[in-house]
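Only one chain is shown below, in structure tokens, and it's the form predicted on its own.
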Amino acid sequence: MKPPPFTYLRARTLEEALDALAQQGAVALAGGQTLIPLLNFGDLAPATLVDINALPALGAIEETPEGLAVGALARHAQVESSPVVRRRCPPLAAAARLVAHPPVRARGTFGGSLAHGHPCAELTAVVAAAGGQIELRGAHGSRTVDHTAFAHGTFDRALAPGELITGVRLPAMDGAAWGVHEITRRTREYAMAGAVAALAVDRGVIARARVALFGVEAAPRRIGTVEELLVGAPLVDAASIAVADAARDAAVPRDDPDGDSPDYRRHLAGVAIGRAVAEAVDRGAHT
């Protein structure tokens, strides 16, 4: 299949990109791992493709006093292998390893994944778990929004026309107790259910828990009832706490394109969160 005709612009500055994106029918091209198939299948017909790959400043990954700043153009493979990411937010590096196949990870970008808004996006789940901030910029200025205010639902995000994601700021998740787990039908396919768990431990007791579910609902989100169960518990007991039951009760399954029942998807939510927490406990017990 061939894409419909469009004008191609390779932006040399961020301002040039934003001016072009402010025009009707303009779409940003970064890694293209979702955009190009949409074009080829005729699901998208932009008037202009604004290529932002010549803006290397958007690809930086930097340590900040609070944690981590990841540029929108950072490739999944770059996130996966970054020493800074592995030190300051190891669940993000682990989640990047779960994204599709190596060629996709070599081209796909962090910002592109967030902008697409797929409910199974692994990196978006880490942003949700961490309470990350999305940095947006348009021709009329910039703004920063919490992930909870950004990801409204399946392919539904708070991205105004002409706005570009420029980066993401993540609080540090550098404790030793963390886990990332996903359940797929076949290796490297989208997750039927997945979870991120990060437990801050003080003298053997869980002082703070961040647990996010993805793949089951319309968008990744933190599961507060599971977090409340874990906080105050000894780390060694966390795997035996009924987090799977709490996750099943809290999950709100989206319409499933594969036809699995809501009860089955709630069951998978419990399994995924239970395994992510168990992985976090095991990692914390051996460091």
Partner chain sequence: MSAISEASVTVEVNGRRYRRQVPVRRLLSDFLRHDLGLTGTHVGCEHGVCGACNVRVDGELVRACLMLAVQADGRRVQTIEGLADGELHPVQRALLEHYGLQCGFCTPGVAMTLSSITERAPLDDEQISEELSGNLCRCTGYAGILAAARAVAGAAPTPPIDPGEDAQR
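Positions refer to the first chain, counted from 1. This is a predicted model, so every value here is computed, not measured.
In what follows, reference is made to the form predicted in complex with its partner chain, a form of this protein that is not presented.
- Only one segment in the set 45-53, 60-68, 233-241, 252-260 has residues whose heavy atoms sit within 4.5 Å of its partner chain in the model of the complex; it is 45-53.
- Within 4.5 Å of some heavy atom of its partner chain in the model of the complex lies at least one heavy atom of residue 104.
- The shortest heavy atom separation between residue 14 and its partner chain in the model of the complex exceeds 4.5 Å.
- Its partner chain is not shown here, and in the model of the complex it never comes within 4.5 Å of any heavy atom of residue 225.
- By the criterion of a heavy atom within 4.5 Å, residue 271 is excluded from the residues contacting its partner chain in the model of the complex.
- The candidate spot formed by 120, 171 and 181 is out of contact with its partner chain in the model of the complex: none of the three has a heavy atom within 4.5 Å.
- Taking a 4.5 Å heavy atom cutoff to its partner chain in the model of the complex, the contacting residues in 182-198 are 187, 188.
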